[in-house]
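Below you will find one chain, with nothing else, as structure tokens; this is the form predicted alone, and questions on how it binds or moves follow later.
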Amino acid sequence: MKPLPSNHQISSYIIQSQEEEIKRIATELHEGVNQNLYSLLTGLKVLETGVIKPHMKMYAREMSQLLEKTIQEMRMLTVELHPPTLTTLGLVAAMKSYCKLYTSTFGILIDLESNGVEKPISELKKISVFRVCQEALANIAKYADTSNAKVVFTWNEEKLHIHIYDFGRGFQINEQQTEHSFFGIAAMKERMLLAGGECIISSKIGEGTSIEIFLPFFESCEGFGET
């Protein structure tokens, strides 16, 4: 009789299944919806050049601008769901791409720095780290009230260390958290735990928030594969 799977294995399986479905949806959005929107924008701009009446030309221009904004939002959504560069170019490249879209969307400048040589990480662990960084930046946009933040990757032989910190208003941990931010923090810690790593969050009112992610290379996690 086979032993029953542990809670750890069940959680890993659920996350893996979710990520596979998210990747499928992101691909369909990118290759289907986004391409159709771009074709519509191109056609609308061609029509705009043939419009003579000033008020109709202005209307066509406004529609073009709205469609351009929609395409930008769709690009952001696609990258949030599953960045294509994560698989092809690696974690740092995916974060750089995401930060560019993040800045154009929220107006918050992200200074991203990578020290050392990037090491190969299993696909699911890369996704886990990316999701934690993503949640950290989302929280900065929602709660930090700041115009800039910094993300520092440090690679060495034993582990990957990522430090994300902002220069915002900060908060009192466990005392001034909204329900969403509480579960967001819990999800970040849980993801890193399942990936065999750790997520440490600290914050001071008026001094900003610091998030540190540690992913040892010599440790593995059931369900997440070897690095």
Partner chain sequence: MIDLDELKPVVETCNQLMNKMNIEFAGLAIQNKTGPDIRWHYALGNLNDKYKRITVRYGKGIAGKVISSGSPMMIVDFPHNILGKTIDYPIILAEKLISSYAFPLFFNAVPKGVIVVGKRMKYSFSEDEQEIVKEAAHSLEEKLQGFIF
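Computed from a predicted structure; not experimentally measured. Positions refer to the first chain, counted from 1.
This next part talks about the form predicted in complex with the partner chain, which is not shown.
Trainee: Pick from A93, L112, I108, L124: which has a non-hydrogen atom within 4.5 Å of the partner chain in the predicted bound form?
Mentor: Spelling it out, the residue with a heavy atom inside the cut-off is I108.
Trainee: So the partner chain isn't shown here. In the predicted bound form, which residue out of C99, L89, L77, V152 has a non-hydrogen atom within 4.5 Å of it?
Mentor: None of the others qualify; the residue that does is L77.
Trainee: Would you check, heavy atoms only and a 4.5 Å threshold, whether M58 touches the partner chain in the predicted bound form?
Mentor: Although the partner chain is absent here, M58 would touch it in the predicted bound form, with heavy atoms inside 4.5 Å.
Trainee: Consider L66 of the chain shown here, and say whether it contacts the partner chain in the predicted bound form, taking contact as heavy atoms within 4.5 Å.
Mentor: Yes, contact at 4.5 Å.
Trainee: Going by a heavy atom distance of 4.5 Å, is E157 a contact of the partner chain in the predicted bound form?
Mentor: So E157 does not count as contacting the partner chain.
Trainee: Is there any non-hydrogen atom of K189 lying within 4.5 Å of the partner chain in the predicted bound form?
Mentor: So K189 does not count as contacting the partner chain.
Trainee: Please state whether every one of the three residues E118, C133 and S202 places a non-hydrogen atom within 4.5 angstroms of the partner chain in the predicted bound form.
Mentor: No: no residue has a heavy atom within 4.5 Å of the partner.
Trainee: Where does the partner chain sit in the predicted bound form: which of 191-199, 160-168, 66-74, 40-48, heavy atoms within 4.5 Å?
Mentor: So the stretch in question is 66-74.
Trainee: Could you list which residues of 135-165 come within 4.5 Å of the partner chain in the predicted bound form, counting heavy atoms only?
Mentor: Contacting residues: A138, A141, K142, D145, T146, S147.
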